[in-house]
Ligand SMILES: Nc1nc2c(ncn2[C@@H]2O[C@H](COP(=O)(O)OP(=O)(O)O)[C@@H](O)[C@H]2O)c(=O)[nH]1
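In the block that follows, a single chain appears as structure tokens, in the form predicted alone.
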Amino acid sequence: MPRLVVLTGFLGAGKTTTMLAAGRLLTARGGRVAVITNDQGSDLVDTQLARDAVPDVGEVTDGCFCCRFEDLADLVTDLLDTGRADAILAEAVGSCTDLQATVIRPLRARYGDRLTLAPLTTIVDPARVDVLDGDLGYLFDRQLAEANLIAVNKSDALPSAEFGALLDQIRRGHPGADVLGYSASLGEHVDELVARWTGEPPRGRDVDLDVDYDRYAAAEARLSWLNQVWQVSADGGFSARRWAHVALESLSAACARRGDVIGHAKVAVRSPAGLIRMSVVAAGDPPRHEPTGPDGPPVAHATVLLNVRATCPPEDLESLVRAAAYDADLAAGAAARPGPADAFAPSYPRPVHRLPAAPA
């Protein structure tokens, strides 16, 4: 029977990297894998990356899975009716919670024995634990509280003793959840994560989560979304990697100076030299390159897709991105031409369904 894995977790936790690492592993084992990405906006870096890694990719845009449930269901139904996938990996927006009631149970009710739901998995970045506060901290806590499986990513970011202590801390705080440490970027213990998804479905972890929707909405409203495409060119050629690195570095430093939290800032650069992805998941951090390596040959033109989630007003975020592009132009000797900026703060979450837990 086909199996659907729903991933949740705060912005920047590595959900996309996890999903694609797991997808490659399942494909190597002979599985037929489909991926569904999700975002409050459109023009997604994650969808571009998924299409380079997995042949079957769909997306739910302009709202989270819970608020665009019928869009999610249409994609799942098509995959089931055509028999194209035996594993469906679906990544929810990083600012969402209450997925047991608004996504998992409605899916189970709709598809019955046509589909097996894997453990709801919350992906965690160790750097976020005990750092987010206020309404964002509340949102992060609710994501952990509803998880069947808490998967703590980036095990390589801490010494092993510290990482082990963090796992123990999370186990004490959430005794009803399975807790696993791994590194999606290095591929360490991804096989164990996949084993949790493909084993027997969990039992007894279906409880009604207490969610204050006003606090949940306030957390989402603190974050601004910006998705924008830039066309960058230089008659004499320029380094696409250099341009992207300086743009993200400038944006990261500016947010740090302002005291803004970056949920994530992602760049996908397509040029004749290939695809480059870079990201920043904390203000003040340097960009992380995927793949790593030296600059490729100079290019005359590149298309840059930028997705940023940060705690500043949308108009401020637009200004910060324009300033970052200007810095990148100066550093790379190029000229960037912006497309329309889709910049906004998410609206109040209004799920299509909110089903209670089954009686014990």
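When you see a residue number, it is the position in the sequence shown, counting from 1. Just so it is clear, the structure is predicted and the values come from calculations on it, not from any experiment.
Heads up, the form predicted together with the named molecule isn't pictured, but that's what we're talking about next.
- Among residues of the shown chain, residue 22 is not one whose heavy atoms approach the named molecule to within 4.5 Å in the predicted bound form.
- Using a 4.5 Å cutoff between non-hydrogen atoms, residue 346 does not count as a contact of the named molecule in the predicted bound form.
- Looking at residue 233, you'd find every heavy atom of it more than 4.5 angstroms from the named molecule in the predicted bound form.
- Proximity of residue 91 to the named molecule in the predicted bound form: non-hydrogen atoms within 4.5 Å are present.
- Residues of just one listed stretch (162 to 170, 207 to 215, 180 to 188, 252 to 260) have heavy atoms within 4.5 Å of the named molecule in the predicted bound form: 180 to 188.
- In summary, among the residues 156, 74, 141, 81, the only one with a non-hydrogen atom within 4.5 Å of the named molecule in the predicted bound form is 156.
- Annotation for 5 to 32: interface residues with the named molecule in the predicted bound form are 10, 11, 12, 13, 14, 15, 16, 17 [heavy atom within 4.5 Å].
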